[in-house]
Every structure is written in structure tokens, then in C-alpha cells.
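So this first bit is one chain, no partners, the form predicted alone, shown in C-alpha cells.
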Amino acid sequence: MFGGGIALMHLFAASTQRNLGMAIAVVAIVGFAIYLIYNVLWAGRGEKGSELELAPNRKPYLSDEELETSRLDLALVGGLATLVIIGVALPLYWLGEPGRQQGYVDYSRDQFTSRGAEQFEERCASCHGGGGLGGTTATSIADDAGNFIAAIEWEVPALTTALYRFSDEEVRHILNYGRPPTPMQAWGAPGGGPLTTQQVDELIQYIQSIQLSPEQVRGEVLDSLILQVRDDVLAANPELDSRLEDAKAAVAAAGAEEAAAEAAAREVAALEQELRETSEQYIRNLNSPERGELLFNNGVYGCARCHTPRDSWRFTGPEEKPGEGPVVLARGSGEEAEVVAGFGSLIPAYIPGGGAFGPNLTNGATLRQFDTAGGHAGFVTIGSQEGVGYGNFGQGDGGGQMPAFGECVGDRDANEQSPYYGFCDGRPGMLTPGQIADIVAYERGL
């Protein structure tokens, strides 16, 4: 609402400025036309006498009395009118200048966003989904020698929260150089890609335009947590589970009976809301490491995508390859084990925190890296910064290797920001300090 009001003010200011300018231009043009008409049609005269009578330099001029009275008064009034016009026009022009400057910035941003959207749909949407809402892409995994192992489906993250976790410079680094060993390739010219520096900037501007609001981000995080505990909550509340199943059956049974279908749908919605509230209470009742495990495994909002092997992809048709016998790829305790025959030790086991794109966090690794939970939480909050060491053994390498989960870092790595950026501007990060403390409690127990 405020943004619309500001835009309306800018539009009003710009319109006033244009109208005033047009009025001044019309007055000047009309005055010049009158001057020409007077001098050509009225002041001119035909040949009526000798050159001696008609030559302007021979014609007697005004007397001193006329020059020092009416003509002098006319010149002074003209000069005063000119000063008044200048004195009024310049401040009016100055008052409109901020609006014109902001209008140019807005116009440039809109142009960058529009061109970035076109590039995104052409080059990125096939993996990241329309509007950057996430998707999947077919790829493969290979051994250290580059030999094919299996076909997989990579879960490509949504980009609608990317600038809550990465600075503009980190996003630029990823676009320029890719993100090995993920399917994200290098798109920018510095990494050998096809895009110019301006095209990369346009993509960044488009990504900025699709970022969720802080309230939406917190809602997405909570929705994902609730989805994780849904089955456990229903199992702990069999009466609610039974009522929900009956309501869904009533919707199916209603068929074309509109009134019955609407009543059943309202009952389903009410029960889903009850289930949501029960799930939120269930999550609050968990101890800190248990909540941390849910947050750790919370998709793009969590840590497992980078720190747990195979969390970001699923087999779509593994090919047979000689190995050291079948290997059990368990996705966690209590879940059915997944077995891929013929791969042996070539496929990593699904070990929570076992290390993938990010380092292994098991066997007390985080305890050795960070002496205190507070230091650990601080690193999760702000992530790695280029050239800044972290923990007892690590070295921050920038480039978005470790994102920030608790602080919006739109300009963290940049000393000079383009006026088109600056997404954060006081916005909170993705996770609350309490949620980060829960993650730290879970990781320090791995």
C-alpha cells in the first residue's frame, strides 16, 4: 500500500512537472509567433518614398523623454518578468528532480526485471520452474573417473528465498561459475558461460523481484515442518485421523450434489485447520534437538540438501554396474531401506549430516569446529564470508558456499552496491534465533 502511494506521488510530481513545462513552452511559442506577426505584417511597410526616408538608420529615433520614461519602464518590466519566471521555474524544476531521478531508477529496474524474466524463462525455468518456484531436472552421477553410475532426478530449489540466504555478490558468483557438483552450470562469461555481465545483473534483478515477504518465508518454513510431522500427528490422534478420512469420503460421495459437496468440503477444511494447530503444538512440545532435526531436514529451508548425501536427488533408473555387492541406502531410522544392487560402495549411504556438497557434520565434527554452541549458531546465522575464517579449522571462501540462515545478507560481501539492488534493507532472515538454536543442538549431537 505504501509503495503504491509513493509511486502515485512520483507520478503526480512527474505529471505536474510535465504540465508546467508544456505551459511554459506554449507561452514561449505563442509569444514568438506574435513577435513575428507584428514585425512582418504590422511593423513592415511598403516602398513609399526614397531610401533616405525608409532606411532605419536614417529614421529619427525616440526622444530622450520617451527613452527615459515609457521605453525604460517597458524594459524594466520585461526584465522583472524574466526574473520572476526564472525565480519560479528553477525551484519548480528542482522540486521535480528527485521524482525524475527515482522515476529513472524505477524505469531501469523495471527494464532489468523484464529482460531478466525473459532470460529466466528461456534459460532457467526448465530446471527452477516457472516463476522460480522450484522443479526437478534429469541428470546423472559418475564415479571419480567420470564414468556413468546412475540416472537420477535432481530436486532443483525454488529461488523465491535465495536473497534471504545469499548476497547479491554470492548469487552473481553462482551464476558466473555454477555450483559443482550440482547440475547448476556456469552461465556467466567469467566461468565460460554465454551470459554477459549485464545479463547476469538482469537475472539477479529478476530474482530479487520474486522474493517472498518475510511473513511468507516464515509461513513456508512452518508449512514444511508441519508436513514432516503430519503422519506422526495423525498416528497420535486416531480420532482426528478417522474424522478427516470420513470427511474426505463424504466429499467424494457427494458427487454432483453441490450443497452436500460444499458442506463436506467445509468439514475437511475445518479438520485440516485443527490438524495444523495440533501439529504446531506437537512441534512446540518436542525437545530442542528433535525440532532441530525437523529444521535440518526441511528442504530448501534446511541443511540436509548440502550436508546429507543423496538428500537432493532420487534414482530414476540406475544402470547395472559391477561393484562390491548390494549396498543398503537407508534414509533414516524407522524407514524402509532402499537397496541398489550392483553399485557396491560407489553410492554413498543416506547418513544424516554425513557430508555432500557441504562437509560431514557427524562424529563430533561441529564440536571440534566450534567450541561453543553460541559460536556455532553465529556461523549458521551469517554463513561464510569471503576471506573470513570461521570456527577452529575452516576458512570462509565466499561465493555462497555456506549461506546465511538467520540474517538477510543482501549486501554482505559488497562494499559498493548498485542502486538497483539492496534487497534486504532491514528485512529479517529466513530462520528465527530459536530455530537456529534448535538446529545447532541437533548438529552438535550428530
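Given the structure is predicted, the values throughout are model-derived calculations rather than measurements. Quick note: we count residues from 1 along the sequence shown, nothing fancier.
Another form, the form predicted in complex with a small molecule, is not on view; read the next lines as being about it.
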item: Contact check for F120, R123 and I207 against the small molecule in the model of the complex, heavy atom at 4.5 Å; value: yes
item: Region of this chain that lies against the small molecule in the model of the complex, out of 276-284, 256-264, 182-190, 231-239 [heavy atom, 4.5 Å]; value: 182-190
item: Residue contact check: Q369 to the small molecule in the model of the complex, 4.5 Å heavy atom; value: yes
item: Any non-hydrogen atom of P157 within 4.5 angstroms of the small molecule in the model of the complex; value: yes
item: Contact flag, F357 vs the small molecule in the model of the complex, heavy atom cut 4.5 Å; value: yes
item: Any non-hydrogen atom of F112 within 4.5 angstroms of the small molecule in the model of the complex; value: no
item: Interface residue in the model of the complex among R218, K248, R291, R305, criterion: non-hydrogen atom within 4.5 angstroms of the small molecule; value: R305
